[in-house]
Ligand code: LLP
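So this first bit is one chain, no partners, the form predicted on its own, shown in structure tokens.
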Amino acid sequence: MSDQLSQQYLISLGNQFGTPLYVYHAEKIKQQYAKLTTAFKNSDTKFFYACKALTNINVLKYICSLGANVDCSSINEAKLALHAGFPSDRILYTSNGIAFDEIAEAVSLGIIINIDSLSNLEKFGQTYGRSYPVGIRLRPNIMAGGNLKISTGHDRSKFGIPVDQIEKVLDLVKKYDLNIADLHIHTGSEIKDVDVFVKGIEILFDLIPKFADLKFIDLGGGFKVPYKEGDSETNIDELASKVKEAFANHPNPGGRPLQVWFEPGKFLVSECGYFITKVNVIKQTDAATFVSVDSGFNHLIRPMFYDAYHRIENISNPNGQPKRYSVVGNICETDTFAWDRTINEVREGDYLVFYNAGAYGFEMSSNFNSRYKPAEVLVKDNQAHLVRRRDVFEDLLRNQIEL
């Protein structure tokens, strides 16, 4: 089987497991991870899968088996990673505006921790002092990413400690004799220009000499993947070359060579994912021909939330005459996946597939309108495995307490 699942195979999965349905192709994840490790094979670099993109436990187990590490955004993601078999020293937890007791729980799990506020850094110092190495997430004040909602490094972002507050950080390091093991920055998502990462490195190079215990530099993630025909992705080979060049020109003065970390999430799992839907109704109006499918933004919110583009194909009629359609969902809200999109002729009952559905698809789904969450299937070694069953009515009542 190639790195892309065929239309006929996707139809067979839709018939077998029903729709709407998320399908993930394991070998595509492996291929993406190999791009990273091959490009950086001559450098001391580690990759942490940013698992907020997709946390199905079977996907986590597979990524662990590839040798990747994992990056977590909550303590529960860290617990899932442990459950999936990641050892604690391969789990990175970068907190964001959380209560200190969550950081304390992370310490009890023995995982790697980044702290993103002066307040929690002081609490950490008061509680642990030098006894537990810790990292600091800095905000580099760099604007990058495909959408303001996914840009995290600019000067109005909530993420990280602003670099212009570095003296306050250093005061806390001195006050509590903190062991700062890594400096972390993350500028956003969908970053095509590798010079954005180089610019982040240059900012960190000014700070590196101020931290005597430093071992790692974490440049975050945000690698771009192609969503549209003709789209490019982040040039990983070019990135590896420029990172290597930057460190060759700026060795750690008087200190040990620093290991570089990246946190790819979407890059690893976006293209592995397919979202299969079935056409319920075709509605012809003066403004548009609406294709209503058996899903909505309760299952795939990215088009409505980020104005994100997902390529949509009619896999039931691949040779049909191209026509213009607006693809909409069955939610009782404005719920548009694609407006005025060219798709091969669509008929009621046809299967439509949304590509690049592996990242932030199921992960951001909900039971809005009291509709069921879809099933998930993992295709591995040419075998399709159901890895999450579709919701049933009892799931809507679960955790509710009737009086």
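None of these values were measured; they are calculated from a predicted model. Numbers for residues come from their place in the sequence shown, where the first is 1.
Below, we turn to the form predicted in complex with this ligand, even though it does not appear here.
Here the chain stands by itself, but in the model of the complex one stretch of 336-344, 49-57, 26-34, 368-376, 49-57, has heavy atoms within 4.5 Å of this ligand. This ligand is not shown here, but in the model of the complex it comes within 4.5 Å of a heavy atom of Y306. Within 4.5 Å of any heavy atom of this ligand in the model of the complex lies no heavy atom of F275.
The shortest heavy atom separation between K266 and this ligand in the model of the complex is within 4.5 Å. Although the partner is absent from this view, R311 stays clear of this ligand in the model of the complex, with no non-hydrogen atom inside 4.5 angstroms. With the partner removed from view, the residue among G135, P140, G221, G296 that has a non-hydrogen atom within 4.5 Å of this ligand in the model of the complex turns out to be G221. A heavy atom within 4.5 Å of this ligand in the model of the complex is found for one listed residue only; from K192, R90, R302, K215, this is R302. For a residue to qualify, one of its non-hydrogen atoms must sit within 4.5 Å of this ligand in the model of the complex; all three of D71, T94 and M364 qualify. Contacts with this ligand in the model of the complex, taken as any heavy atom within 4.5 Å, map within 331-360 to Y360 alone.
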